[in-house]
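One chain follows as structure tokens, the form predicted alone.
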């Protein structure tokens, strides 16, 4: 049923006059009368009868008026909802994040997002090195906070910051007594390694750092997540070279120390599908940049 015709019907019912309704609708009276007759033909029953005080609704007209008013209100709500989603004022934003960034960023980012887009439903999903790319590509998450950035032709990347590498070790390690650890002191010590997400198991994000300083660390274990690495460090299985933000989630018994003469870092990036045009991505990016800049 034509919503415009329903709007004409409601106007006539409220004004109890075709002439007054035509004035309110800013149209001529004859076309309005034609539309009312077409609506009655569509319904299959008269909707009005002339009374002493103007146009009165028939029982069929009274039944239609309630539902026509509801339909018009729902249509208006639907249009407003669509406009709100298109402008980024409403909708749903699914945020993926890697564990290493959780403690450093989420406690500040979530309140910032809720202030910026109070009408948007937010949900969060933890990602790992092996799941993050797929979760972005299959739209499980709208945006992903990653370290390092995802390297894929269908994924757009915005680098918003970086975190320097630090050495994670048990508190009883001799190296823990140092304020910073010379790279040469790592030679020969076992390493708990994290594979680079975009390469095979023989690769690690810290390999270039060790190679440049001519340091060889035998790999004791290779793990996928930072919290797995810290668990093995706590068990005294080896040392781990991790981004500085990892220390915020470190369990008791682990300490972090800067690496002397080493400025290598890992990028913090926001990643999303290139074909995604949600205005919420721009809002998220702005909030994430603000939070990371304050780290």
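This structure is a prediction, so every number in the text was calculated from the model and none was measured. Positions refer to the first chain, counted from 1.
Keep in mind the form predicted together with the DNA is missing from the figure; the text below concerns it.
The three residues 97, 131 and 139 each lack any heavy atom within 4.5 Å of the DNA in the predicted complex. Site annotation in the predicted complex: the residue of 244, 65, 254, 55 reaching within 4.5 Å of the DNA with a heavy atom is 55. Taking the partner from elsewhere, residue 10 is found to have every heavy atom lying beyond 4.5 Å of the DNA in the predicted complex. Within 4.5 Å of some heavy atom of the DNA in the predicted complex lies at least one heavy atom of residue 35.
Put simply, residue 19 is close to the DNA in the predicted complex: some heavy atom of it is within 4.5 Å. Though the partner is left out of this view, residue 28 does reach within 4.5 Å of the DNA in the predicted complex, counting heavy atoms only. Residues of just one listed stretch (45-53, 236-244, 265-273, 66-74) have heavy atoms within 4.5 Å of the DNA in the predicted complex: 45-53.
If you take 122-159 and check each residue for a heavy atom within 4.5 Å of the DNA in the predicted complex, you get nothing at all.
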